[in-house]
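Below, in structure tokens: the form predicted alone, a single chain.
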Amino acid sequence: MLSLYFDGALSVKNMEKPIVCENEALIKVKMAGICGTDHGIAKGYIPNYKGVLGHEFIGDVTDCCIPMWVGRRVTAEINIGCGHCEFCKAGLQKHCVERNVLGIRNKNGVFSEYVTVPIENIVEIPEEISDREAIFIEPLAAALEVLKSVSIATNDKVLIVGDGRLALIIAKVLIRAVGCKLTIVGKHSEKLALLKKTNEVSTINTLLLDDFSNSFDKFNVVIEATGNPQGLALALKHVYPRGTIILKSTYGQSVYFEPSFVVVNEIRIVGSRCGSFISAIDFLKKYKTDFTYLISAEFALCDAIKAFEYSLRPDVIKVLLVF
């Protein structure tokens, strides 16, 4: 099978088709999305990583010890826990110390024609959700985790720092599910303009970073989704005393900030990561929110390296690999 493999560098090569083990499903991948984590790994975010990248996908089950799954269109939760620790028993596999993570940690990912995942991780995609809508289930689940991390009310002032894939999805979640007073700040006018393609423009204020840099406006909640130290510095500058900063992206470098400022102003800093795929599917069904306008381009798997290069362009949002 054809795969995109990383071993210090990206390469498209033929690999052995994985053997499905007990309590696993073999899935023929139909479509996969490139995200910032994939780029981070390719840049050395995870030292000594070797394997197939990718964790956002949809596909069809072709082999499984439970016959009812065969032929079904599915995606899969990315965290694979040990199943025995206190976190796994509480449904928090993402915090299992021995966890594997699809395409990220000790488990080959989905930039490949076939992938195996534990049966308990697979999630069926309802018929009313199209393939290109379903490809956003994983990042949408992460965006919805914001609402589980912090209570946000309609009258709260909320700032999103960043205009990348996840930031734009979080903005739509807050618009549809909360309707709070939302401001999003980014570097790219073309990305911010994408939000104006909807009928909810009146509920959101989009600003370029250069126009916002001298502002002294404060917010109850600041969501940092840039993954760089400058984003965190901006978040700290614009959060109210006793406000909350939510960190939604991992950092590929060390970050410095003054702890005394956080203590004196009683600011909460909350890390927020993966979310529930079921919650994401329920959101898509309830709010009928279409994220497909975020798709910038589609490439065949054989052109995956070109796809990675293209997805680094500043005007690009989401790039798909279509099998």
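Since the model is a prediction, treat every value here as computed from it, not as a measurement. Don't overthink the numbering: it's just position in the shown sequence, from 1.
Only in words, not in the display: the form predicted together with a further copy of the same chain, which the text now covers.
- A residue is said to contact a partner when one of its heavy atoms sits within 4.5 Å of a partner heavy atom; Gln253 meets this definition for a further copy of the same chain in the predicted complex.
- Within this chain, Gly271 lines the site of a further copy of the same chain in the predicted complex, having a heavy atom no more than 4.5 Å away.
- Within this chain, Ser260 lines the site of a further copy of the same chain in the predicted complex, having a heavy atom no more than 4.5 Å away.
- Contact annotation: Glu298 falls outside 4.5 Å of a further copy of the same chain in the predicted complex, judged by heavy atom distances.
- For the options Ile281, Cys64, Ile267, Val52, the residue carrying a heavy atom within 4.5 angstroms of a further copy of the same chain in the predicted complex is Ile267.
- A single residue from the set Lys94, Arg73, Lys181, Arg176 has any heavy atom within 4.5 angstroms of a further copy of the same chain in the predicted complex; that residue is Lys94.
- Here the chain stands by itself, but in the predicted complex one stretch of 127 to 135, 235 to 243, 114 to 122, 168 to 176, 235 to 243, has heavy atoms within 4.5 Å of a further copy of the same chain.
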